[in-house]
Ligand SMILES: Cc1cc2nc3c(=O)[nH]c(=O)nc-3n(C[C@H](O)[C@H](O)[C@H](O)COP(=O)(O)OP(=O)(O)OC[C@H]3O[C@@H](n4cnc5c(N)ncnc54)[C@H](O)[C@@H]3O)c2cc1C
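Given as structure tokens, the chain that follows is alone and in the form predicted on its own.
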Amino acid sequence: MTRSAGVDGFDADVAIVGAGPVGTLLAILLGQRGKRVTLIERWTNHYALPRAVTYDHEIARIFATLGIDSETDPAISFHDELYYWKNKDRKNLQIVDWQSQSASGWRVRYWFNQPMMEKRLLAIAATLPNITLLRGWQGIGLEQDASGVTLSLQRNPEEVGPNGESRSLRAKFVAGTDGANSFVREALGIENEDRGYFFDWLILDMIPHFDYVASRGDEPAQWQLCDPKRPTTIVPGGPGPVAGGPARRRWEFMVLPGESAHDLQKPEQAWALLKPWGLTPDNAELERSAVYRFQARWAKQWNKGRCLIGGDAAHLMPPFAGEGMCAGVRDAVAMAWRLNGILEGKFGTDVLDSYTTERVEHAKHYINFSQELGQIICIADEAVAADRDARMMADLAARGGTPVPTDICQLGRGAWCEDSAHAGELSVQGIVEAGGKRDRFDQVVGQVAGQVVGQGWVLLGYDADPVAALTKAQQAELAALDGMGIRLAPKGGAGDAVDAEGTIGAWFDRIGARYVLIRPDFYVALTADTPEVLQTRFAKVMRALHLTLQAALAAE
């Protein structure tokens, strides 16, 4: 079937190749703003086995804008516990703070079942009539010109056989979220920067028929066993298949030198590795056994003309920091607000260049961090491991066993004011009150301004009117962005919303600001302490966005 193009000659505003969580989220964020989206997936059936199992506070914040509450959703779980790295004798080498509530207003770490989450996202996408899902099709050709992109598609022969059925699709933009072997990336001729990091690990996803964590006494719920005889990861796998029943668990075992990856993933080998952990075919189900090659690489360029890439198509990282899918979700949000803005006539296409410069550096941070963690655990030499243990235990003792906090990672150069303190960082979120509602800022701010919750531009003033601090022309520019101006008052004060617990006020004090411009991806575009500084920095951000003159004039 070949769909006829719309009145503008395009089948879609955006065609997205790859309907995993990254591509589906991108489709939703575009579809919610009325864009015509075609989501293309090479497999006809939904993949029902686990892959990613964890995400961080920032992703919880993003999911909340879709109505997915990570605190109460049955597909998501959490553990009020630290993340431990232990040696072969079970002595602590490192402790990471996965217990505290983050500055985003959500817990540092959540655990989930990817098939359940994907179905949730696909169900949300199905409620948007302007999203078309094409299953069983794969890209075989891509050509772009000044006004759009033509995709050549073919029925996936692995699914429906080599019947040769093909079609073409015309879109204004194309996003490749089609995995590590991305067709879109290859078609664009984009090269990877490869760190030369390769380790094979056996991944075992288990469904115990009992409460595994409770049965293990003092053993942590989430930890790394840095034993050179067999480096091992033991973490939650999200909720189990029965609501309220035993949770899933995941084991990851490093494939040792000389071992056959093919043989190791056989069920009998999996059960032999799990026996010391108390799991047998009688008390647990082996949901998946697969060997994965952990790698560290990123694409050198993430946008080219009217095409972009994101997720595994743009980067791969070892799983030790739990940031692989998180980076892809960030990519989806970063692509979405730019593409929405361009299609709505707000930005020039040059704003896509900042997608690459911002996201490459941000992803590299987590890739490097994940690789550093991997260099700690992926040690199979007894002597090297002993040296590592002594050094890390000494470091841990020197700081009194204090857990390492989660870090703050700044975006690469892009659509934010570089000479503004703390710009390019994720904004802090606290509990606020407005209109009789008390909730996290993201869930309240939309109703204050009469707009859709989340994914918008917010100019926040603390005990100050932020819009009045702008020039008339800049007020028009904020309106052209569909931006919200929110006067946030301290407790007992008067404003559009009240800082109920003082969290946001403490953040403003810490960064020396009275005004903050927050982007649709929740990153800070600028901070300012006076109207004059706000005006100067606001102008810089508008230039970086390539805000079109027509959009600003239309808002006046």
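Numbers for residues come from their place in the sequence shown, where the first is 1. Being a predicted model, the structure only gives us computed values, none of them experimental.
Just so you know, the form predicted together with this ligand exists too; it's not on screen, but the next bit is about it.
Colleague: Taking 104, 373 and 396 as a possible spot, do all three reach this ligand in the predicted bound form with a heavy atom inside 4.5 Å?
Modeller: Not a single residue of the candidate spot has a heavy atom within 4.5 Å of this ligand in the predicted bound form.
Colleague: Taking heavy atoms and a 4.5 Å cut-off, does residue 12 contact this ligand in the predicted bound form?
Modeller: It does not: once this ligand is placed as it appears in the predicted bound form, residue 12 has no heavy atom within 4.5 Å of it.
Colleague: Give a yes/no on whether residue 346 approaches this ligand to within 4.5 Å in the predicted bound form, heavy atoms considered.
Modeller: Flag for residue 346 set to no.
Colleague: Any of the heavy atoms of residue 277 lying within 4.5 Å of this ligand in the predicted bound form?
Modeller: No, residue 277 sits far enough from this ligand in the predicted bound form that none of its heavy atoms falls within 4.5 Å.
Colleague: With the partner left out of view, is residue 486 within 4.5 angstroms of this ligand in the predicted bound form by any non-hydrogen atom?
Modeller: Answer no; every heavy atom of residue 486 is more than 4.5 Å from this ligand in the predicted bound form.
Colleague: Which one of these stretches, 495-503, 522-530, 37-45, 61-69, sits within 4.5 Å of this ligand in the predicted bound form when only heavy atoms are counted?
Modeller: Result for this chain: 37-45.
Colleague: Ok, 233, 77, 138, 357: which has a heavy atom sitting within 4.5 Å of this ligand in the predicted bound form?
Modeller: Only one option qualifies, and that one is 138.
Colleague: Scan 306, 250, 362, 120 and let me know which has any heavy atom within 4.5 Å of this ligand in the predicted bound form.
Modeller: By the 4.5 Å criterion, the partner-contacting residue is 250.
Colleague: May I ask you to list the residues of 169-205 that have any heavy atom within 4.5 angstroms of this ligand in the predicted bound form, in sequence order?
Modeller: Going through 169-205 in order - heavy atoms within 4.5 Å of this ligand in the predicted bound form - the hits are 177, 178, 179, 183, 203.
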